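A lone chain, given as C-alpha cells: the form predicted alone.
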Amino acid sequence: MKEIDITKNDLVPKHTLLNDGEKLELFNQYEITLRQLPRILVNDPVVQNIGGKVGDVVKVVRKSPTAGEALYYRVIVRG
C-alpha cells in the first residue's frame, strides 16, 4: 500500500524543527520556558513525518489572510 505524504496537503501548515540555538533564541525573545509552550503529541502524523522527538520544539507557519503568515511554536510531548 502506498503511503501518503500529508505535508503535501494545502490544509497542513509547514512544520519545522528548531535547533538548539533557535530554541534558546525563542526562549530569550519571549522570556518563556519549554513548559510554557503549547504541546503537540510525538505520535502526530506531521511530527512523525519530520522526525521529531519528545522535547523538540516545532515551528508551525500558517497562512493567514490578514497577516500573511502566522508563527506558532509547540513542544513535542509523549502521547
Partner chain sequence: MKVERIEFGIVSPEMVKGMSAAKITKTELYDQEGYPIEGGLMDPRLGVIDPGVRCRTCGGNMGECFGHFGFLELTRPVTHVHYSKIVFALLKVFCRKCSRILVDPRDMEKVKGRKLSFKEFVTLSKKKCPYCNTEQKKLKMIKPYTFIEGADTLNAAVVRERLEKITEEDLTLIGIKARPEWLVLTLLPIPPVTVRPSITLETGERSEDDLTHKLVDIVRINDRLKENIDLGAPDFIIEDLWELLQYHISTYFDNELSGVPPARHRSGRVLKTLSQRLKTKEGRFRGNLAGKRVNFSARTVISPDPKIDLDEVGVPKVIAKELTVPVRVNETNIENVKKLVLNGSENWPGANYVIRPDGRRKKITDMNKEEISNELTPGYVVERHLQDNDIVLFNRQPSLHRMSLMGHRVRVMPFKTFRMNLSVTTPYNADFDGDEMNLHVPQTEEAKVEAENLMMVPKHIRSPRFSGPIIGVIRDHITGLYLLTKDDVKLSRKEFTQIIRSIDTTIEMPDKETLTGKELFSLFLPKDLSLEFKSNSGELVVIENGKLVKGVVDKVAMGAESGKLIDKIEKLYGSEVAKKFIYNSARLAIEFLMKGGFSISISDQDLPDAARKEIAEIIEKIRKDVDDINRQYEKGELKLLVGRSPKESLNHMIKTVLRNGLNDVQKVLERHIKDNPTLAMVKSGARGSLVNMVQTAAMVGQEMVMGERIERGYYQRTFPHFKKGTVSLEATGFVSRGFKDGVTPFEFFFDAINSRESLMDKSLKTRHSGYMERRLVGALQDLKVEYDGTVRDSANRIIEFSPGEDGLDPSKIEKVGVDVRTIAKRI
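Every value quoted in this text rests on a predicted model; they were computed, and no experiment measured them. Residue numbers count along the first chain shown, from 1.
Same protein, other form: the form predicted in complex with its partner chain, not shown, and the subject of what follows.
*Asks:* Does Ala70 reach its partner chain in the predicted bound form, with heavy atoms at most 4.5 Å apart?
*Replies:* Result yes; Ala70 sits at the interface with its partner chain in the predicted bound form.
*Asks:* Give a yes or no for Arg35: in the predicted bound form, does one of its heavy atoms lie within 4.5 Å of a heavy atom belonging to its partner chain?
*Replies:* Yes, Arg35 sits close enough to its partner chain in the predicted bound form that at least one of its heavy atoms falls within 4.5 Å.
*Asks:* Answer with yes or no whether Asn9 is in contact with its partner chain in the predicted bound form, where contact means some heavy atom within 4.5 Å.
*Replies:* Result no; Asn9 lies far from its partner chain in the predicted bound form.
*Asks:* Within a 4.5 Å heavy atom cut-off, is Lys63 in contact with its partner chain in the predicted bound form?
*Replies:* Lys63: contacts its partner chain in the predicted bound form.
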